[in-house]
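Next up: a single chain in structure tokens, the form predicted on its own.
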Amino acid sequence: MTTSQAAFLKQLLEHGILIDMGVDGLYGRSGVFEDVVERFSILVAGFGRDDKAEVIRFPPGMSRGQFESSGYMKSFPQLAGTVHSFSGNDHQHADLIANIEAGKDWTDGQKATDVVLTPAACYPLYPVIAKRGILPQQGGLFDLHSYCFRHEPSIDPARMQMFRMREYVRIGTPEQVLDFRQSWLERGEQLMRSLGVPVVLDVANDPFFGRAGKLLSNNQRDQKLKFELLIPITSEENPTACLSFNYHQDHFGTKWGLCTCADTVAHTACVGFGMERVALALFKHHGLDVTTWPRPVRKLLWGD
């Protein structure tokens, strides 16, 4: 943990904006923090309103079978979170209680359920849309918002294990999804600059696992499949990705059998907003007292 990360986290906790829960990267949120997140979500909806996206809200868990089919474990096994539950008998239950009381490991009797924690808001979408059949000529556009989980414990407050992601997802022809991504590259930067925070748009890559992951990361960068909007939160040298703009090509279309009306494999793209990260960026650059934030920012968020 860097000094700046520790200092900012301490400020957030002392002011009650975040609430310590005893696990790195897991925090309660105050009413003030939640209000900022909600106001920003409304602002995002305004920027996307004319697109008339279909609104879908999924729970923070998804089908284990669909998760396995998605291929997520091939690329990001280190980030996945599965839901386990006790399924033993009375004797095994007694052992479990005894282990807890003795401070020993009690998880051996836990078995994986059919639920996996959602790693990104868009993952439950693709099999749902595939069940609908062939896409209409205009393709599909969806507005998603979900809690997500990634196992990367950190004391950096901008790197939470459980966080909210708002996404707009475009499914259709390569031309349709690339036009969508370009549009949101421009709108996303405009949106964040209007909130008075410093931003840098840069080519990026996902944290693919292992040696093979390095090749995937290089390919992703070389093809400019992923861009991130970076804002300094706990480090000026290593700003935090608060928005991401991703072109998946036909990856999910092939996985789930998504087809266009021209009987071709559909391509997908998404723009993702890290809701907690954006809120933290606003607190970092405008102060911990929202009543003192710059007037143009308050007008955008609260209508003051």
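Just count from 1 along the sequence shown to find any residue number. Owing to the predicted nature of the structure, the values given are computational and were not obtained by experimental measurement.
The protein also exists as the form predicted together with a small molecule; that form is not presented, and the subsequent description refers to it.
Original post:
Pick from Gly253, Gly272, Gly48, Gly61: which residue has any heavy atom within 4.5 angstroms of the small molecule in the predicted bound form?
Top reply: For this set of options, the contacting one is Gly272.
**OP:** Tell me, out of Asp179, Glu152, Glu189, Asp95, which residue has a non-hydrogen atom within 4.5 angstroms of the small molecule in the predicted bound form.
**Re:** Spelling it out, the residue with a heavy atom inside the cut-off is Glu152.
Original post:
Wondering, does Ala158 line up within 4.5 Å of the small molecule in the predicted bound form on heavy atoms?
Top reply: Within the cut-off, so yes.
Original post:
Does Asp143 make contact with the small molecule in the predicted bound form, using a 4.5 Å heavy atom cut-off?
Top reply: Looking in the predicted bound form, residue contacts with the small molecule do not include Asp143, since no heavy atom lies within 4.5 Å.
Original post:
Would Ala241 show up as a contact with the small molecule in the predicted bound form if we use heavy atoms at 4.5 Å?
Top reply: Ala241 belongs to the contact set for the small molecule.
Subject >> Residue contact check: Pro207 to the small molecule in the predicted bound form, 4.5 Å heavy atom >> reply: Because a heavy atom of Pro207 falls inside 4.5 Å of the small molecule in the predicted bound form, the answer is yes.
Original post:
Tell me which of 191-199, 124-132, 224-232, 96-104 has residues with heavy atoms within 4.5 angstroms of the small molecule in the predicted bound form?
Top reply: Of the stretches listed, the one contacting the partner is 224-232.
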